[in-house]
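This document opens with one chain alone, in structure tokens, the form predicted on its own.
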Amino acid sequence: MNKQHLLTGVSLATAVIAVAFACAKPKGPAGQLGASASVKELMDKRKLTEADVEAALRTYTPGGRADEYMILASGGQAGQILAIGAPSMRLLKVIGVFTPEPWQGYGYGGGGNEILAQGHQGDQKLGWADVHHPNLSETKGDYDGQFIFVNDKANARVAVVDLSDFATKQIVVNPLVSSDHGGAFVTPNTEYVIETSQYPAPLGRDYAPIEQYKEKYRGLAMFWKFDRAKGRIDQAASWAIELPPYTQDLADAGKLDSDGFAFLNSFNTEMAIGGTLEGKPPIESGASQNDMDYLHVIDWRKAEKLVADGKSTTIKGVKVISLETAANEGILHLIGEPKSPHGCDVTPDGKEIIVGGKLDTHATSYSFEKIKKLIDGKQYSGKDAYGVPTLDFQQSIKGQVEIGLGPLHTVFDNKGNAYTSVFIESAVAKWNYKDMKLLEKIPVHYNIGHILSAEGDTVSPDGNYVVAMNKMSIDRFSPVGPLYPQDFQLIDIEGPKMRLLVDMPIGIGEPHYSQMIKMDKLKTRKVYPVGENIYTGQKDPSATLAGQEKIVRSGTTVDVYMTAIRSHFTPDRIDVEEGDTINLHVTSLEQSEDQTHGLSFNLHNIDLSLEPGKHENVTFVASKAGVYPFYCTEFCSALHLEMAGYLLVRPKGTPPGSAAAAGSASAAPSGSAAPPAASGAAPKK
């Protein structure tokens, strides 16, 4: 429903207030406002304006009613993805991706440990990530709600999250580069997940002196092949293109008219390498000398064919099209773009590529039709230092719109409008990319970086909302110390003027890219079939059904086949010897929606989440004698506290049931009551 047509000639808030005045009731005792207070009285007490009330009405989502959209946002340094409802702007879930997440039991003993281990690199056991760019899977250029991919800028990794259960299923490591930023963007049918390097380094992560930067350092565009049927990246079928040692930045895949191409920004065409202690300019200023940097234009379908034809080399197990081949075979072309570009966004019709320059005042629209004509006619303006053909800037663009200082990212609506974040000015600029006219600006708070709109980077944007993702939140929220939260601001764009509706603090990390998908495109599972290993998608070989619980000992190895159901574990006593290796296989027998159990062992750093039907396997060593309670960590029933048991670890060499196992510590202290007899009866309370 178009909210602008809900009421004609009078705002929502005006109508509500009119009713409030008509129904006004007296205050309660001592002037307090009771449950029967009118809206006008509540407004007066809380010092709310009519605009405040209208914004609240447009975002309020009652309990029991789902939001229209879901925002999937990067969790920044938290290494996770945030799921946020819109327009309510309620945080729904934090998805564990590159870092452990205790509530989901991700990284605390179960199958999530194996996923996280996929992201370790050699001896480096990585415990954090800098998550930047979540990107939803697409079919024909539209979100299909099946998967989301995200990169780790700090460690050059890409993860796959299955949106049927919002769980991370794979992490792949790029063995060729040390950092990435232009990822993880998908081609229109999710054939590939694109990851591009950020800071140039020797390919394969080898060493070369910084003085050999121009000769030995390189960038890279990685095309991870996605197997949709398996829901996994096929590393063996993936390949890459070597790029010049400019600092590659954001990427986007072409669509419709530009399908088959990818576009990515770069900065530092100066190839500055710093050296402040040696009296040289820092990279910051050294990389900001040129008036123009380079937009990279990649024909990935032609590149795919070259790889299939064997015209690639292999580096660290990855097929790589060399820079020389990319230049000579027409795979890679460069076009000048305004100083220090950042955003690189393809319009819904695929006809234009919008670029914002951080140190420029314009949004620049590149015409794919013009670019393709120049490429096909080999009408080059020259070559760069590495022999890559360059195209003339003026002949490649449709035009420029002056929108303010510090334009970054651009998203779109369904009316031919673009919305660009303007960092230095702290504003969202609305402009029409068809007639190249600036329409309106709205201030935001403060220093907006990324921006998103409802399905705004697909072939069919919705046009309901924009979210300004602001890096600063001075005076917006309650004080929480020197480290302030980020600020997501929901903006209504349906009316003739943009309107700020609500602020949402993000206090978990610095979010970057985000996408907003219609909620009805998400087809989530409510329960798992009993015994499913969610990381393989199959019934686990060690899944345990009711009546099959057992403990099997073989030398120093103890296999425990356990079930969990309201409100007990079976078995609830595990008796082992110090030094034994325990293989715990635990299955939730629940099949009722939202009946989740947890399992935690005292002092063993084990914390599992057992959603209905889920199976987990955990291996650990009982390294120290003692008594270790285990219990359900998820409040599951009235007898939740009683859902517990004991891990009994006997001193090494002590037989089961031996009084010697307890030693002198088992005797009652002098002057204290003796423990109750082990008769099986509970002591009286």
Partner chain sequence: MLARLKLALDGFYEFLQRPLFLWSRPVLALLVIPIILATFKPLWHFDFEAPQYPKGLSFEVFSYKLESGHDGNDLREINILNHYIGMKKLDHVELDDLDWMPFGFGIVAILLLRVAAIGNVRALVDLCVIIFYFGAFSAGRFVYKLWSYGHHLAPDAPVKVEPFMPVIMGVKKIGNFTTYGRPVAGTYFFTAAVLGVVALTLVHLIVGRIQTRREAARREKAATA
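Since the model is a prediction, treat every value here as computed from it, not as a measurement. Numbering follows the first chain given and starts at 1.
Keep in mind that the form predicted together with the partner chain is not shown, yet the notes after this line are about it.
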For this session: Spell out, yes or no, whether the shortest heavy atom distance between residue 591 and the partner chain in the model of the complex is within 4.5 Å.
Result: yes
For this session: Determine whether any heavy atom of residue 61 comes within 4.5 Å of a heavy atom of the partner chain in the model of the complex, and answer yes or no.
Result: no
Exercise. Looking at the partner-bound form in the model of the complex, is residue 639 within 4.5 Å of the partner chain by any heavy atom?
Worked result: yes
Exercise. Taking 4.5 angstroms as the cut-off for heavy atoms, does residue 323 touch the partner chain in the model of the complex?
Worked result: no
Seminar exercise, completed: From 118, 390, 567, 178: within 4.5 Å of the partner chain in the model of the complex by heavy atoms is 567
Problem set entry | Sole residue of 378, 573, 437, 526 within 4.5 Å of the partner chain in the model of the complex, by heavy atom | 526
Seminar exercise, completed: Counting only non-hydrogen atoms, the one stretch of 591 to 599, 464 to 472, 390 to 398, 120 to 128 within 4.5 angstroms of the partner chain in the model of the complex is 591 to 599
